[in-house]
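There is one chain below, alone, in structure tokens, taken in the form predicted alone.
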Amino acid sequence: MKKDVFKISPCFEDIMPQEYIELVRENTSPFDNNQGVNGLGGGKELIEEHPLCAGCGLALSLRMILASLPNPEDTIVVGSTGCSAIAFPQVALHNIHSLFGNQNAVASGLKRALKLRFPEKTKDIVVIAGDGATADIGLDMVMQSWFREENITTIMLDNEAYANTGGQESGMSQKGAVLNMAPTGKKFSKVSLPEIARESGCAYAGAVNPSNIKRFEKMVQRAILVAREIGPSYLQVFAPCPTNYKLRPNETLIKAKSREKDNTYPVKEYISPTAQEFLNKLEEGKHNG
């Protein structure tokens, strides 16, 4: 999907939006300017507007994920019900909305079908869903895709709540967390999904937050590249919810940093020996190149 497939008919030139004209005629397409997160704020992006709450950690993380994709023009995102679902219509990338919790089953079928249809092309399938879809309602389909060693990446946007339905606790909420619809506090511990992913067959499993942009990009790319060549991968992204956790919009990154510092949301990576060998070659080649 390079920009040269887009042409403006001369009879419509005088009514086309200026930003569309710039996108087609100038070198401003995010598909052609693969600058990664370094390019954020400097040109067209795969998401430029969204309807999510001010300061939403999920919106910030989604923007960073899209900027980190190693091959956006051949990437298809599979989403699910939740806050992220209302942002996906603004994403300038092929994406599919699946039934709540069914996202990894859809992604598995899609990956297999594309491999048959385009055997000579690399197509990255990336699931991006919330904690409810991934760790609660969709956990069966998520884990079964890992057991089957499907070559897909699963990224959880973890805001530790069912945020767009009033604030119920999820399996990813911290023990003791008080929410609008959980006023007495959660009674059990947060699900340790990176460890479950590791034990379920993921060649790469990690947890990160958006406070360090280069580290974030590196982990997204590792997850996708490992899924492309080695096996399933899982990345858990802490995306603080200002609305349900009563934060000011400008406190999102402060919260992310503080949770990493006090070790209640540590950054972690589990990489299989085969995946580590693959990444070593890839990253050494990139460094030497």
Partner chain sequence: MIDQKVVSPEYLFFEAPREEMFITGSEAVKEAVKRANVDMAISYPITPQSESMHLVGDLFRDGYLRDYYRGESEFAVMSAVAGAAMGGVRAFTATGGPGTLRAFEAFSTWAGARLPIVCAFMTRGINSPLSIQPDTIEMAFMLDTGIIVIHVETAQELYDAILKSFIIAEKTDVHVPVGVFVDGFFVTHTRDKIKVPSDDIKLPPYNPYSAPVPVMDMENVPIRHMRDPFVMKSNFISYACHASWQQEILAAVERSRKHIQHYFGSLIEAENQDAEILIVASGTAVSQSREAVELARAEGINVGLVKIKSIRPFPTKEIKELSSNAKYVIVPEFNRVGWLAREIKASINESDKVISSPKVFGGMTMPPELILDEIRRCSK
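Positions refer to the first chain, counted from 1. None of the values given here were measured: they were computed from a predicted structure.
This protein has a second form, the form predicted in complex with its partner chain, left out of what is shown; the following refers to that one.
Is Glu199 near its partner chain? Define near as a heavy atom within 4.5 Å, in the model of the complex. Output for Glu199 is no: heavy atoms all beyond 4.5 Å of its partner chain.
Just checking whether Phe216 would be counted as a contact of its partner chain in the model of the complex - the rule being heavy atoms within 4.5 angstroms. Phe216: no, not in contact with its partner chain in the model of the complex.
Taking heavy atoms only, is Ala92 within 4.5 angstroms of its partner chain in the model of the complex? Looking in the model of the complex, residue contacts with its partner chain include Ala92, since a heavy atom lies within 4.5 Å.
When the contact criterion is heavy atoms within 4.5 Å, does Ala177 count as touching its partner chain in the model of the complex? Result no; Ala177 lies far from its partner chain in the model of the complex.
For the interface check, one of 152 to 160, 188 to 196, 116 to 124, 204 to 212 should have non-hydrogen atoms within 4.5 Å of its partner chain in the model of the complex; which one? Of the stretches listed, the one contacting the partner is 116 to 124.
One residue of Val37, Leu60, Leu46, Leu225 in contact with its partner chain, assessed in the model of the complex (non-hydrogen atom, 4.5 angstroms): Going through each option in turn, the one that passes is Leu46.
Using heavy atoms only and a 4.5 Å cut-off, decide whether all three of Met172, Leu247 and Ala256 touch its partner chain in the model of the complex. No: no residue has a heavy atom within 4.5 Å of the partner.
Enumerate the residues of 131 to 149 that have a non-hydrogen atom within 4.5 Å of its partner chain in the model of the complex, in sequence order, or give none. The stretch touches the partner through Asp140, Met141, Gln144, Arg148.
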